[in-house]
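In the form predicted alone, a lone chain appears below as structure tokens.
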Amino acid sequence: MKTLRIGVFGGTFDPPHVGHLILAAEAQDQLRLDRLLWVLTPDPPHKLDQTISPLTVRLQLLLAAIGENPSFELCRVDMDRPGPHYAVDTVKILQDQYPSAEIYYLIGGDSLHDLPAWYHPQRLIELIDGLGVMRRPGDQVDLRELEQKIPGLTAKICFIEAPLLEISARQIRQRVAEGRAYRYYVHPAVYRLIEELGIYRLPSSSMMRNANP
């Protein structure tokens, strides 16, 4: 029987944008993933000093972004448990849920630089079958140095070739707040929700919260 190959794509997705979708689609194609789980993180440990939108808002946006793709699935593994939410714990839970599957954790090229600072990165690399990394043109990564810090890392890395898109969620939030064009930075359904709900227009207690109250 064919082994199930599962991709895990975690993030705050505030909002999800076309860069996220392209990375996910390319990862699914190039890594031959059978399923791609989008893990929405309620309280990311590395963003405790930042202001992020309520989980309910981000959930609506993410569902709007991935709803048309039957192989994209919302995964509630982090939403249904108390924080802090670390990648290593998320992967362990998913391994228990899918004991016979191969797990591929997806990250951006910038996150690869920061991986040694993650929570128990060595254990994370030991648990996963592959680390899908979106390669950006001009990325300079010293794999030998990373391998010294996290032995076994290079054998797990699967570089994903994808178009270079200089788009970030922070940039989109700023554009919305300033009334600038952003429509084609996000999925049409996400754009409609942002416009209808007035998300990111003006900070208010109803739409924004501090990630470290």
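All residue numbers refer to positions in the sequence shown, first residue = 1. Keep in mind it's a predicted model, so treat the numbers as computed, not measured.
There is another form of this protein, the form predicted in complex with adenosine-5'-triphosphate, and it is not shown here; the text below is about that form.
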Quick one: does L36 come within 4.5 Å of adenosine-5'-triphosphate in the predicted bound form, counting heavy atoms only?
no
Give a yes/no on whether Y200 approaches adenosine-5'-triphosphate to within 4.5 Å in the predicted bound form, heavy atoms considered.
no
If we define contact as a non-hydrogen atom of the residue within 4.5 angstroms of the partner, is E73 a contact of adenosine-5'-triphosphate in the predicted bound form?
no
Please determine whether R135 contacts adenosine-5'-triphosphate in the predicted bound form, using a 4.5 Å cut-off between heavy atoms.
yes
Quick one: which of 142-150, 25-33, 62-70, 170-178 gets within 4.5 Å of adenosine-5'-triphosphate in the predicted bound form, going by heavy atoms?
170-178
Mind listing which residues of 11-30 have a heavy atom within 4.5 Å of adenosine-5'-triphosphate in the predicted bound form?
G11, T12, F13, H17, G19, H20, L23
